[in-house]
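Here we start with a single chain on its own, the form predicted alone, put down as structure tokens.
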Amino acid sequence: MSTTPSMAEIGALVGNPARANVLVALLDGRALTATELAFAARVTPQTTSGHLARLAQARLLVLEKRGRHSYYRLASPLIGRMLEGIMAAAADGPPRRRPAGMGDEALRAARTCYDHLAGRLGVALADALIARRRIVLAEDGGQVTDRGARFLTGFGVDLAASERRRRAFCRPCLDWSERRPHLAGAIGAALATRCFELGWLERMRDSRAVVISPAGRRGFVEVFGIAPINGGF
């Protein structure tokens, strides 16, 4: 008898509001404690414990032990891609009567999608790299051109390390808010990591939204040729 979770089982797990909140909280690729995830799920720690056990059993989450503490994270980039796809499909559904808040606008401007950049900033980065023939994106994959390899290496991205990662090297990811692709895969992750290292981006607490620093605003314009959109990305 197969122990692989069925599509119906995965759908039921993701469809629960508390579990959905847990998964979205982990969609930036970081690992969080059960206490932090209980806060994100908006349920009691006892209830969260049961949800985490079911998500881990279905291999949507993995548990990591670090000393006396336990942390949960998404099991793989594939899970992050599935969640972002669900969010993109939900965005195409009928409009809800929930007023937009400042958090919504921050997420639409710039956020992490698992371990790469999304929102207006992520899409603008992909557009800039494509326009300058540094990457080529197809429907289900992509590649870095020779020109792009020189550019990314000069920017501080370790292409050799990215190629060794056991995941897609370069691919598009449909952005749920912009309805257009941003850059994912190992290259997308390495590019995001480098932007954080340079201090161009800062994480917002309890959110996948990221803040673009003054240095980042200059850098994205000067290095990538991205013009600010309405005073921001």
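Just so we're on the same page, rigid core means the largest C-alpha set that superposes within 1.5 Å between forms. Just so it is clear, the model here is predicted, and its values are computed rather than measured. One-based numbering along the sequence shown.
The protein also exists as the form predicted in complex with the DNA; that form is not presented, and the subsequent description refers to it.
Item checked: Residue among 191, 201, 34, 27 with a heavy atom within 4.5 Å of the DNA in the predicted complex -> That would be 34.
Next item on the list: Considering only heavy atoms, tell me if residue 18 and the DNA come within 4.5 Å of each other in the predicted complex.
Entry: Close contact exists here: in the predicted complex, residue 18 approaches the DNA to within 4.5 Å, heavy atoms only.
Check: Hey, in the predicted complex, does residue 205 get a heavy atom within 4.5 angstroms of the DNA?
Finding: Judged by the heavy-atom cut-off of 4.5 Å, residue 205 is well away from the DNA in the predicted complex.
Note to self: Residue-level contact is defined here as any heavy atom of the residue lying within 4.5 Å of the DNA in the predicted complex; does residue 54 satisfy this criterion?
What the structure shows: Because a heavy atom of residue 54 falls inside 4.5 Å of the DNA in the predicted complex, the answer is yes.
Item checked: Close approach of residue 43 to the DNA in the predicted complex, 4.5 Å, heavy atom -> Judged by the heavy-atom cut-off of 4.5 Å, residue 43 is in contact with the DNA in the predicted complex.
Check: If you look in the predicted complex, which residues in 54-72 sit within 4.5 Å of the DNA (heavy atoms)?
Finding: Heavy-atom contacts to the DNA in the predicted complex: 54, 67, 68, 69, 70, 72.
Note to self: Aligning on the core only, does the CA of residue 39 end up 2 angstroms or more away between the shown form and the other one?
What the structure shows: The answer is yes, as the C-alpha of residue 39 shifts between the shown form and the other one by 2 Å or more after core alignment.
Check: Using the core for the fit, does the CA position of residue 63 change by 2 Å or more between the shown form and the other one?
Finding: Passes the 2 Å threshold, so yes.
Note to self: At a 2 Å cut-off on C-alpha positions, does residue 49 qualify as shifted between the shown form and the other one after fitting the rigid core?
What the structure shows: After core superposition, the displacement of the residue 49 C-alpha between the shown form and the other one reaches the 2 Å mark, so yes.
Check: Given a CA distance change of at least 3 Å, are residue 66 and residue 198 closer or farther in the predicted complex?
Finding: Relative to the shown form, the pair is farther apart.
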